[in-house]
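So this first bit is one chain, no partners, the form predicted alone, shown in C-alpha cells.
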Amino acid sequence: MPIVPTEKIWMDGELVDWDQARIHVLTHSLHYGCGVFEGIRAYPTDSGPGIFRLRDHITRLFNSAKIFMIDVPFSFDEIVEATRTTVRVNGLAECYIRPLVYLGYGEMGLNPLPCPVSVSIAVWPWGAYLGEDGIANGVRMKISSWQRHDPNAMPPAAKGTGMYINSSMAKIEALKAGYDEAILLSPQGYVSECTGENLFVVRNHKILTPPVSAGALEGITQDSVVTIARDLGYEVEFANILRSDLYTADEAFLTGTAAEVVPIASVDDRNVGSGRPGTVTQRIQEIYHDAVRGNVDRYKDWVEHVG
C-alpha cells in the first residue's frame, strides 16, 4: 500500500520536513537489520484524534529494544509525548504511526553495541491493510512453506526490523500463488501467526489463539480482542492449533493494528465454516471498530487523545 507523505517526521527530538528525514547509506540497521519498531493507529473520536493503546505499544517497543540490548536514548514518557506531538502537528484525524528505533551511522560490523541509537516517528494516512473487501467478506489464506522463527534462533517476542524478512518471504509466496495472506507454522508444526497478524479460530463458540510458545507475537489488537470476547461471554483460550484445526473451524479471523479484525474465508482452498464471516467474528469486529474510536465506555481508557 503506497505511503502518502505528510508534513513532519520526529527524528531524535526534532520535527523535520518529510523530505528531509534522511539517513546515511552506512546506517548500521540498513546493513544488519538490527532495529525495533511499532505499528500504531490513531482514529477520529468525538474529542479529536485518539491513539489506540499508545502506552501499551510504547511499552512493547521498549521491551523489544531490551531483548536486542538496544538502549533507547529517550524516556518512555518522551516517546509517548513525541508520538502525540507528531500526530498533532500533521493535522491528521486518522493515521498509521510508525515509531522506529535503529542503529545509526558511525560503526560497522556485527557488534552493534558501540553504535549510536536513533529514534524516528512517522505518521501518514493508511487504509485497511488487507482491503475493505477483506474486512467485509474475508480473506483467502495459505499455509506458508516458510516456518516462523525458532525462539532460540530469533526472538519472536521482539518486534525487530530484520526479522520481518521471514514474513516478507511468506507474504510473497502467498500473493504469487493467488492468496491474500499467509499463515506461518512454528518449527514444531503448530500454527504461529500470519505475516503481520495474530490468528483466532472459533469452535463451538469457544475461541482459540496461539500462545507465545508457538512463536506468536503478543499482539496489542490480539489482547484487545481477547478482552472484548471474554466480556461478551465467550471462553477464550491460548492453545496450540494444528493446520487441520483451521480447516475444520466454525470461524476464523486475524487481528493486527494495520489489518484490524479481518474474517478468514478459506485456508488452503478449504472454506472456513460457510466461507463467509461468522457471527462471532462480526460481533467482535463491530465492537472493536467502535472501541478504537472511543465509542465504548468500558474501553475508553484504551484511547489516548492527542490534545
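Residues carry their position along the shown sequence, with the first being 1. All figures in this text were calculated on a predicted structure; none of them were measured in a lab.
Omitted from view is the form predicted together with a small molecule, to which the following refers.
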Which of 121-129, 99-107, 206-214, 70-78 lines the interface with the small molecule in the predicted bound form (heavy atom within 4.5 Å): 121-129
Non-hydrogen atom within 4.5 angstroms of the small molecule in the predicted bound form for each of Gly138, Tyr247 and Gly273: no
4.5 Å heavy atom contact, Tyr164 to the small molecule in the predicted bound form: yes
Close approach of Leu30 to the small molecule in the predicted bound form, 4.5 Å, heavy atom: no
Partner contact for Thr257 in the predicted bound form: the small molecule, 4.5 angstroms, heavy atom: yes
Non-hydrogen atom contact Gly196 with the small molecule in the predicted bound form at 4.5 angstroms: yes
One residue of Ala182, Val191, Ile220, Val87 in contact with the small molecule, assessed in the predicted bound form (non-hydrogen atom, 4.5 angstroms): Ile220
